[in-house]
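First, one chain by itself in structure tokens, the form predicted alone.
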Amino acid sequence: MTIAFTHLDRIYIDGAWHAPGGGSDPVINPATEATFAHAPVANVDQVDTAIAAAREAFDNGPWPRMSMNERADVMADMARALRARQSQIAELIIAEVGCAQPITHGMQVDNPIRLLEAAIGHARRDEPERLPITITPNAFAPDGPQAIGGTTVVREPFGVVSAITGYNFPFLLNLAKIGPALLAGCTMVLKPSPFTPFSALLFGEIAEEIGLPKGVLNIVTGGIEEGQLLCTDERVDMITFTGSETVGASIMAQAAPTLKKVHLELGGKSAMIVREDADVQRAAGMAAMMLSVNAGQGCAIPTRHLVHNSLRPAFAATVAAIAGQLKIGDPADPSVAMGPLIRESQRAKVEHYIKLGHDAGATLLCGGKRPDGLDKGYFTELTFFDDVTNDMQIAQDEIFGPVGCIIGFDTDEEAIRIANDSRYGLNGAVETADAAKGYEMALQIRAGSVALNGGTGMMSDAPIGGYKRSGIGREYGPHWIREYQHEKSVFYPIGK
């Protein structure tokens, strides 16, 4: 069976499909290690051409000059076109990412489209801001009549945007760049992870179907050299990137000489605080289920579980029992709860950290090895360590795999201190029977979002982003497109 969108063997530049200058690369199903398609690879010259197309479309094309409602109408067509292809996109994600089907259909596909739909609604309400009328002395005639005037704050598209995305939630990450940037009136060159190229190339088909003006969205592939051009070229006004903190820091350095705006959503080592009054069964179940999401390959997944010492033995026993019941395997099977890691290199990294946990003296509760009977695919077991201290590498470094750490505490103040003792600050969680106290603690956690007693499960109206080394800027919510807009104040007199 041919996987949807894998027929796309060209790159999309200036409204047309072009033969790849860099040949093609195999795309591997991480659950089977089998090549299921070959993806086109752009070269540096083609990335240069894509940047030129985006620059021309912004400087001289119609897209930035359309009204917000006109752009929103086009993007609403995009949302409808994506809705019509939901099942095909899910089929692709299962093959490209190896993500279990329940997570794929919900978090990987449906949720991103809902976020776009919400962004379109917010964009339609994006109006200029009129400041209060002011009366001031006339600087040139102090004894004469005073001056009266007003100010209107308008928002305009930032310009040409380079978007570079990761592999773990590729459709979400690509759409989270395309949606707000294009709504704002920007033009874009999108470069996806080489592991998940088709989740980006499919947007070329969508752009053609909805009549997006040429050059507004360009989709290229490639490696480090191609990515560097997107970060250094003076024709690019802004870079938006989702990925690791190491690459994020490199992008900032590359962008600095041309003073580009940089928008980053980076790593995390999020803490879930389980207070002494929490429902330990519920908290342990949440911990295991969340860590299993996409085999732990999610920047916002809680991986540090800060558990009150009075509950820690029960939490540890429960989380190990639940983890042992979750089915691991090929997500082509709808009963599978957790699929593989993306590549052997990522599994090797996870196994390295498991060894570090052993060597540091942490107690292995469950997992810690490759699952029995799965000889093909980049699988690893759902793993939890107890007796972890927050200074251990497994507690400080982003592993990006299904490895959880249980850290004990005795007071709320100690829990907050441990939670904030991290170079990251993306997400957090508090489990407690005292919701008011939990809310107070959430306010003290230095992170861009905190889920109290499981949160709401929805983020279409909430801004999400990082503190510290977890990133710069926000995504989602009513002001999402403002990351891609300049603000301009227009001052004017009233009357004479």
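Residue indices: 1-based, along the sequence shown. Quantities reported herein were computed from a predicted structural model and do not represent experimental measurements.
In what follows, reference is made to the form predicted in complex with a small molecule, a form of this protein that is not presented.
Review point. If you check Gly215, Pro402, Pro157, Gly166 against the small molecule in the model of the complex, which one has a heavy atom within 4.5 Å?
Key: For this set of options, the contacting one is Gly166.
Point to revise | Listed residue that, although the small molecule is not shown, lies within 4.5 Å of it in the model of the complex (heavy atoms), from Leu266, Ala288, Leu183, Ala278 | key: Comparing distances to the small molecule in the model of the complex, the residue within 4.5 Å is Leu266.
Practice item. Report the stretch among 186-194, 350-358, 270-278, 120-128 that approaches the small molecule in the model of the complex to within 4.5 Å, counting heavy atoms only. Key: Checking each option against the 4.5 Å cut-off leaves 186-194.
Exercise for review: Give a yes or no on whether each residue among Ile224, Ser250 and Leu426 has a heavy atom within 4.5 Å of the small molecule in the model of the complex.
Suggested key: Yes: each residue has a heavy atom within 4.5 Å of the partner.
Review point. Using heavy atoms and a 4.5 Å limit, would one call Phe241 a contact residue for the small molecule in the model of the complex?
Key: Yes, Phe241 sits close enough to the small molecule in the model of the complex that at least one of its heavy atoms falls within 4.5 Å.
**Study point:** Partner contact for Leu173 in the model of the complex: the small molecule, 4.5 angstroms, heavy atom
**Key:** It does: once the small molecule is placed as it appears in the model of the complex, Leu173 has a heavy atom within 4.5 Å of it.
Check your understanding: Taking 4.5 angstroms as the cut-off for heavy atoms, does Asp386 touch the small molecule in the model of the complex?
Key -> Asp386: no, not in contact with the small molecule in the model of the complex.
Check your understanding: Applying a 4.5 Å heavy atom distance criterion, does Met75 contact the small molecule in the model of the complex?
Key -> Output for Met75 is no: heavy atoms all beyond 4.5 Å of the small molecule.
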